[in-house]
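Here we start with a single chain on its own, the form predicted alone, put down as structure tokens.
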């Protein structure tokens, strides 16, 4: 069977035929006729030099294909073909290709129980604009500690790409390249972090992104990031991820389940829906050891309940029994069951992999209480782009 390959395409519906990409390509992989500007799959080496210069973003299109579209086929495109189902995905390839970042994302999404899908109404994400060979260089605008627990140093880090285009959607990730080399003398590979700011910036109209980073003992990238000072320069790849995205439907209901820094995409979702005036509402189950170790504890308390119903769950409170996210989900089973029965509901789970089993058991019990089999309901929701898992 033919091994699938990633092919670079240009969206003919968005391209303004300025030919900037063709003039920029250092190896002559981009051509045009009277109809379209296209990429020759036999020549393109994915150097990405064409990506930043495109004024419309039409250059940033990719498909995983068993047989690349020919130049003649691309010249005849009126619109881009949909991503076809690929039977023989490469190793770990739910997200489509064999590069290390795709493999990491595929591993993170395994808990969904099958191939991850984006919500039907999600905006179209830009992906892979900046690579290990051509990273974006960003300035640190701020680095703020979020927790009061001495053993849980969690930081809110704001990065400014300056004039570089770096479009992100809520739920996407970026790669951070730690400086230096590994024991074999090779440059370090990027570490992935979820973006915790909404698509239009940490503040509306500001072209920046934020990350939520927990300092890990011996962690190369986490200690590098947590120690950054304002004004420092950071090399960033991405954005990455095309399925763990938020529906644009304002009436959609979001059930958010997270622990620790898994709150990063949930913060982005919440801010974007607040700014966009979404009316469907959100319910969040957020687990941490104590209030002092829960990121964004203060800001969360200021969000009105009509926008976000919060269940903050703590497992190490003095004079209280341990409680985990799955315990609270079961305790609030009437609310969760009502949401499971609503086709407008989207579920997002993000955090430590260890939470998956407990959440699965809780969902199984609640689904049975309404006469449903959880795995069947989950698979339907996943296939409809309404069930999303990103654990690590």
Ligand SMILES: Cc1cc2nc3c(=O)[nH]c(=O)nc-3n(C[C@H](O)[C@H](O)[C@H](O)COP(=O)(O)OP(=O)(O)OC[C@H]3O[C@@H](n4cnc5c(N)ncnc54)[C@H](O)[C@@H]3O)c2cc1C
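Just so it is clear, the structure is predicted and the values come from calculations on it, not from any experiment. Numbering follows the first chain given and starts at 1.
The discussion below concerns the form predicted together with the ligand, not included here.
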{"property": "Of 234, 108, 255, 169, the one that lies within 4.5 Å of the ligand in the model of the complex (heavy atoms)", "result": "108"}
{"property": "Contact residue in the model of the complex, chosen from 286, 130, 269, 193 - any heavy atom within 4.5 Å of the ligand", "result": "193"}
{"property": "Partner proximity in the model of the complex: residue 220 to the ligand, non-hydrogen atom cutoff 4.5 Å", "result": "yes"}
{"property": "Heavy atom of residue 104 within 4.5 Å of the ligand in the model of the complex", "result": "yes"}
{"property": "Partner contact for residue 216 in the model of the complex: the ligand, 4.5 angstroms, heavy atom", "result": "yes"}
{"property": "Interface membership of residue 212, the ligand in the model of the complex, 4.5 Å heavy atom rule", "result": "yes"}
{"property": "Which of 74 to 82, 260 to 268, 121 to 129, 312 to 320 lines the interface with the ligand in the model of the complex (heavy atom within 4.5 Å)", "result": "260 to 268"}
